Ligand code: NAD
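Just one chain is shown here, as structure tokens, and it is the form predicted alone.
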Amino acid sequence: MKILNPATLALVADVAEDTPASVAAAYERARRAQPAWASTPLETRLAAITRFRDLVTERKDELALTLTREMGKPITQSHNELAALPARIDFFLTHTAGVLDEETVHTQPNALAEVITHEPLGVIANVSAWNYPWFVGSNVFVPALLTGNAVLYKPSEHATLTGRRIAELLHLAGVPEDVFVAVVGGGAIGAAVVEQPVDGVFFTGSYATGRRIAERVALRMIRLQLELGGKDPTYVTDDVDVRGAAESLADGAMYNGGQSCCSVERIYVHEAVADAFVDAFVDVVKGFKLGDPEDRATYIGPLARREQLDVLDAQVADALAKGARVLTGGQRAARPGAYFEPTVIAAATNAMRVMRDESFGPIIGIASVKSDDEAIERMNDTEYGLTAGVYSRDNGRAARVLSHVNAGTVYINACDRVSPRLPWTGRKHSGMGSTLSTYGIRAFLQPKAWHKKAG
């Protein structure tokens, strides 16, 4: 499997791809190793993940460069992901013991006691993503390992080298090689992972692939968690600090080249401030430097997936054909590599692809609305339900709007952020299940109900 640098299309590495047979063998290793890992004292599992966290910190420079060279993330943003990772891991280190605690829910003297304990699922399949491989992967494999599960892990083919480094550091930290087993390859290998008789499938990726996975595992009655896409809307009210909102939302739309599930992908602006907001927004976007992702001054790097350029071209053409205006960008950058200019489309409507289909690129559609009620209607006009936001000086007004928006995560005067303390969960085509928070620890456990009566 040839790994190309999306900025230059130069060969980064040539990696041997797994086969269905090697995937099956990897699963068997994990199945045999899991009971002993589950019996390992929690303190030992906590110590291993603590050491993993420390190893990542110690080697952050080389790990950031690997990530930048294989998927194109600007080097400062690769460093940002790695710098924020320890706090996310620390949440799981701090809270896993409490989630695992035995819970007595009812007792009476000389009578029946009712107790709940928690057991690991067993072996879980983790088919992960490329856009934030450290964040997205650790949301799954860290709590899975801490709660006593074995993990069959397939990183995205666009973050293969990072996935292999994750496995190496986990093993160096003390996680047995057969407890965390990484396999590499494209979609066929991901499908082979899902086909193993695992006890849970945890997938991050597109709705189309997530739906296929759900259909394949439905009859097996196993735990299924899908973290899928979004078409995340934000509403800018008529009472905002226009420049401040524009700066925040431009970053929320364009950070990581717009290749985030929670990137701002649609903006609705109250007509009273629409012109001023659009002018400020375009001014901010024009200041973003597109270039070599290894240059610390670069803000917009190449797309990780070259084929996404065709999607963005089609969205621009569709918007123009339906009456929109391209205010900046709108085309591939005139340089080698998978670059698309940061693009702002005004006079957008919900009939346009740029406002309906996930873009996963540095492109944003902006529409004006007459009222809060119209904003709510437009925000809910989507098959997705991941995040949504409102910018307003009146938090009560923002909260009222968001209470009517069907999304798993909502923001007031913020966007494009994830907290380990809050559940990350999607609605409709954005997925099912939760990562992060204590919900994201319980996802890897199954309860056992005990009825205890003295003999």
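Note that this is a predicted model, so its numbers are computed, not measured. When you see a residue number, it is the position in the sequence shown, counting from 1.
What comes next is about the form predicted in complex with the ligand, which is not displayed.
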#### Entry: in the predicted complex, segment of 238-246, 104-112, 154-162, 67-75 with a heavy atom within 4.5 Å of the ligand
154-162
### Candidate site Val136, Phe203 and Leu228: all three near the ligand in the predicted complex by heavy atom within 4.5 Å
yes
### Query
Might Lys322 be said to contact the ligand in the predicted complex, defining contact as any heavy atom within 4.5 Å?
no
### Task
Determine whether any heavy atom of Tyr27 comes within 4.5 Å of a heavy atom of the ligand in the predicted complex, and answer yes or no.
no
### Task
Using a 4.5 Å heavy atom cut-off, state whether Trp130 contacts the ligand in the predicted complex.
yes
### Message
Does any part of Ile49 reach within 4.5 Å of the ligand in the predicted complex? Heavy atoms only, please.
### Response
no
#### Entry: Ala347, Ala280, Leu121, Ile213 - the one with a heavy atom within 4.5 Å of the ligand in the predicted complex
Ile213
## Note on the structure
Of Gly329, Gly385, Gly190, Gly365, the only residue with a heavy atom within 4.5 Å of the ligand in the predicted complex is Gly190
### Query
In sequence order, which positions of 353-368 have a non-hydrogen atom within 4.5 Å of the ligand in the predicted complex?
Glu358, Phe360
